[in-house]
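Coming up is one lone chain in structure tokens, specifically the form predicted alone.
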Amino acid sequence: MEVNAKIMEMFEKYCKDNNIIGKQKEEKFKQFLEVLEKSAYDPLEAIGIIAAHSISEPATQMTMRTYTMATQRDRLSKVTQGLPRLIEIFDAKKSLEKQMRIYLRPEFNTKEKARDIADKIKAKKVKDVIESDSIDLIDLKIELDLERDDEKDNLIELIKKANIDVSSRGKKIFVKPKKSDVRTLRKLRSKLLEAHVDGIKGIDEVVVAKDGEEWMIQTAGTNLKKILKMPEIDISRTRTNDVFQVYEVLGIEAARAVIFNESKATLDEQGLDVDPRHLSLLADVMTVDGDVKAIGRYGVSGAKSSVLARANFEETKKHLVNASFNGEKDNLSGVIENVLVVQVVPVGTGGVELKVDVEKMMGKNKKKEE
């Protein structure tokens, strides 16, 4: 049996770490080959169906617990877990409870420095830097009372960029739009209070926690691109659960790794043992085209080449009508379409053709008779 170079490298490392040499190493290698042969699948095995069943069956037994807290001392927003989290991953949803685990370089690994960095990256909005806000109904303007004078210049600059008249007196800032009516002022105040002033946009909450002997920062919200640019951050270990941010910043292979790791972590958290190869296959299918695709009508299942396979999944009428209109042809080369038309499925024994050599068989029968 031919062994992959990477797997062979792992075996050699195992032997070296455990001081296995000579005959003992040869015996280990034989055992190693036996395990590999048992792990291999036959060319006509329906690995897609087996993987789907192996993931879906235990997933139905998962605790229907929608949320769990991100940390025991959590002050962050709730993080989806269990079956809802698996659905988020496999449906490639962009709207999810996003979070990051940010690790620091050794020279910044102290509680005080971690807190300073956490305060530096936390996104601050206008509502976070003012004591109060109000609408002056006589002069038709918005009044903002600042907590500190040093925030005033940033805030004035932000408002000026929106081409809105602004003035100040002491810790007060007065905002007067060109169109001054109560309805406009209320809309502007709502937008103004949510405007980003400082920190990293997307990092809504931060908590400094200890992981073993290290201090790390856990966040609600994520901005991988900006975080990785910071010199204090250990970029090799910093993680986000947002697949699409990883795809945009690090590429499709990294996104595939996130899909695999997040789905495995979700199943492990529920105490469910699923063969990692099945999760790996699913992650491959979702990313094989160089883009992150959902397992659903707008992703993998909706893009199958077979008309009948697409129609079997969802939106049957739409797929059949479109296929008829476009003159599509179904070659019946997959599993689902052959089941639908009651034909032998091209997997397992159905994937081979057996022929009988009648002359040879007749010749053997004659010899027996003689």
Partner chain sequence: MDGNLYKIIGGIMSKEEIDIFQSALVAKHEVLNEDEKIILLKNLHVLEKQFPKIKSSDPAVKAVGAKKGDLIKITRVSEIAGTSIYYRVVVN
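Keep in mind it's a predicted model, so treat the numbers as computed, not measured. Residue numbers count along the first chain shown, from 1.
The discussion below concerns the form predicted in complex with its partner chain, not included here.
Participant: So which of 209-217, 115-123, 144-152, 258-266 is the stretch with heavy atoms within 4.5 Å of its partner chain in the predicted complex?
Facilitator: Stretch with heavy atoms near the partner: 258-266.
Participant: Establish, in the predicted complex, whether 229, 236 and 249 all lie within 4.5 Å of its partner chain, using non-hydrogen atoms for the distance.
Facilitator: Yes, the whole trio is in contact, each within 4.5 Å by some heavy atom.
Participant: Can you work out which of 99, 80, 287, 223 has a heavy atom no more than 4.5 Å from its partner chain in the predicted complex?
Facilitator: Selected option: 287.
Participant: Please tell me which of 109, 180, 280, 168 lies within 4.5 Å of its partner chain in the predicted complex, judged by heavy atoms.
Facilitator: Here the answer is residue option 280.
Participant: My question is simply whether residue 131 lines the interface with its partner chain in the predicted complex - judged by any non-hydrogen atom within 4.5 Å.
Facilitator: Output for residue 131 is no: heavy atoms all beyond 4.5 Å of its partner chain.
Participant: Even though its partner chain is not shown here, does residue 276 get within 4.5 Å of it in the predicted complex, heavy atoms only?
Facilitator: Contact with its partner chain, yes.
Participant: Hey, in the predicted complex, is residue 164 touching its partner chain, heavy atoms inside 4.5 Å?
Facilitator: The answer is no: residue 164 has no heavy atom within 4.5 Å of its partner chain.
Participant: Taking any heavy atom pair closer than or equal to 4.5 Å as contact, tell me whether residue 291 reaches its partner chain in the predicted complex.
Facilitator: Yes - in the predicted complex, heavy atoms of residue 291 and its partner chain come within 4.5 Å of each other.
Participant: For a quick check, can you give me the residues of 319-357 that have a heavy atom within 4.5 Å of its partner chain in the predicted complex?
Facilitator: If the 4.5 Å heavy-atom criterion is applied to its partner chain in the predicted complex, 319-357 yields nothing.
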